[in-house]
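First, one chain by itself: the form predicted alone, in structure tokens.
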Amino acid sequence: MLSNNYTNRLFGRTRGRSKKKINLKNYYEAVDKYKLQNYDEKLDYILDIGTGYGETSIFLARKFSDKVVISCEKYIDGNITLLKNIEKNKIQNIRLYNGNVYDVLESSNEKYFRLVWIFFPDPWPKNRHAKRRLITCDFLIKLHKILKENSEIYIATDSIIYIRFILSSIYNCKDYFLWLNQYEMNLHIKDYFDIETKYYKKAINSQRKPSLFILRKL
């Protein structure tokens, strides 16, 4: 069972700019309905980190119907949208965690995860905020510990600054992961998956092509 005993702080908003009131009691009751209670060693899990409005979690749940998707997101407005789409589409294999991803990583000493998706993490482009970026070598090593053999990590970003930061993190973790698409001509998401999230569309509208990095556990 996931708890709230993490020590690594995450930055960013939990609510959008909308002034629409939310009944938090009802919200947390709805989240609890889809909360992961215990891991099942017979199942494979997918960790979807920073799911925004939940488009990636819905995509993964449909693509991998035999696996359980854990959608980890503290953004309340996004989770509400995800909950509505889960109910609307009658999806059975998504579990929500409304909190810190480090809590998920520290909740298990076993290797339950077959796949990790991290689409459009906040790039924190200002130098003074660089320490807030999620993708670091230390973070990748933490993921390595909870992944099954030959499992993969997919990281997407449209930030040039973050791309450079990710490349440095991958290099520093070269003993832990193989960068599968390192020598391919294209790193664009659409070369691999037909999915368009809100942040993907925002990038395209701003004439930025999101890049996708694929890592495999060694």
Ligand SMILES: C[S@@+](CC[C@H](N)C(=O)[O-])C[C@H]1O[C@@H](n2cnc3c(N)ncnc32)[C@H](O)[C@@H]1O
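When you see a residue number, it is the position in the sequence shown, counting from 1. Here the structure is a predicted model, which means the values were calculated and not measured.
Separately, the form predicted together with the named molecule exists; it is not shown, and the next lines address it.
Undergrad: Name the residue from N85, N100, N93, T136 that puts a heavy atom within 4.5 Å of the named molecule in the predicted complex.
TA: If I apply the 4.5 Å criterion carefully, the residue I get is N100.
Undergrad: So which of 144-152, 70-78, 85-93, 108-116 is the stretch with heavy atoms within 4.5 Å of the named molecule in the predicted complex?
TA: Selected stretch: 70-78.
Undergrad: Check K198 for me: does it contact the named molecule in the predicted complex (non-hydrogen atoms, 4.5 angstroms)?
TA: It does: once the named molecule is placed as it appears in the predicted complex, K198 has a heavy atom within 4.5 Å of it.
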